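In structure tokens, the next block holds one chain alone, the form predicted on its own.
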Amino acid sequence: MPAADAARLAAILEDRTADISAAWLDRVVAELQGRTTRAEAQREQAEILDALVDGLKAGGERVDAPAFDALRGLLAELSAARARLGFTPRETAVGVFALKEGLYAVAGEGDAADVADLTALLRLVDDLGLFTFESFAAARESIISEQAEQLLELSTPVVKLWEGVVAVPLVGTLDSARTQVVMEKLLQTLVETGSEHAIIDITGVPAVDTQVAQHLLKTVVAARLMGAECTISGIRPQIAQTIVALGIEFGDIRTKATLADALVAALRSNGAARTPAAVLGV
């Protein structure tokens, strides 16, 4: 699109702003059905239109042109905000695609030259709509990734059971990403508390296969490098049978059937021999 054509398109948008905006706004409000106020939609629409006109005046020919940097930034921010608020891709992209409603209305009243100009503008709007959709998808992926990390943090707590004894109660599947989080949190807690014993409780792990066992061994080795002895608790009969059938070797790693047994063993290793009843306060 030559610079002269871009300037002519900007002039059309400025001359017919009222007509274009009215049809555009009606379509957006109808599509969003109360998800946003008319005043808010009108404000967003005005910002988009102003940025589009400025880009055209600056000679912008394609969506990725430097002249449209401000417009792309505006659409990216809008897409990210809509993604955080739970809008759908359609509800987000309609804010741009609905501009075509206003352009159609203007095209029906213009001459052949205006129609040709508006056709070029419609193609530009399509590209802007696709950019908005892609920005929304990227923003939503980022949000999902952040939420997954937060859930991972919450699902792998490290708790102090006793002076010098910490525990990691695992629930659910243990994969590589979660193992890394467990290691980091466990090692950090060992440093902060100066604990000499760590208990990894797998009562809530539904199944133990070779991969899960490898993840457990890595966590134990990492804790040992920090000077802490590890005990794996929660070895149920089914888990024990699976471990034997798979030929998994835990070597000299201490294992216990329950978390209470592991805590008693840790306390006795500290020289504080107690009965299970005393430890549990019963």
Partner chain sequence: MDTVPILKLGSTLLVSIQVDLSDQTALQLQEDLAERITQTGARGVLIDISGLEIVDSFIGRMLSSIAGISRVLDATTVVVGMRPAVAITMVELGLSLDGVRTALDVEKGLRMLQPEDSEAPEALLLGLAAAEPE
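No experiment lies behind these values; they were computed from the predicted model shown. Numbering follows the first chain given and starts at 1.
This next part talks about the form predicted together with the partner chain, which is not shown.
In the model of the complex, which of the listed residues (V159, I143, A177, V191) lies with a heavy atom within 4.5 Å of the partner chain?
Selected residue: V191.
Work out which of R236, R35, K218, R43 lies within 4.5 Å of the partner chain in the model of the complex, going by heavy atoms.
It is K218.
Does R62 reach the partner chain in the model of the complex, with heavy atoms at most 4.5 Å apart?
Answer no; every heavy atom of R62 is more than 4.5 Å from the partner chain in the model of the complex.
Check whether L187 has any heavy atom within 4.5 Å of a heavy atom of the partner chain in the model of the complex, and answer yes or no.
Contact check for L187: yes, within 4.5 Å of the partner chain in the model of the complex.
Contact with the partner chain in the model of the complex for S195, defined as at least one heavy atom pair within 4.5 Å: yes or no?
Yes, S195 is a contact residue.
Hey, in the model of the complex, is G227 touching the partner chain, heavy atoms inside 4.5 Å?
Result yes; G227 sits at the interface with the partner chain in the model of the complex.
23 to 31, 239 to 247, 62 to 70, 219 to 227: which one contacts the partner chain in the model of the complex at 4.5 Å, heavy atom to heavy atom?
So the stretch in question is 219 to 227.
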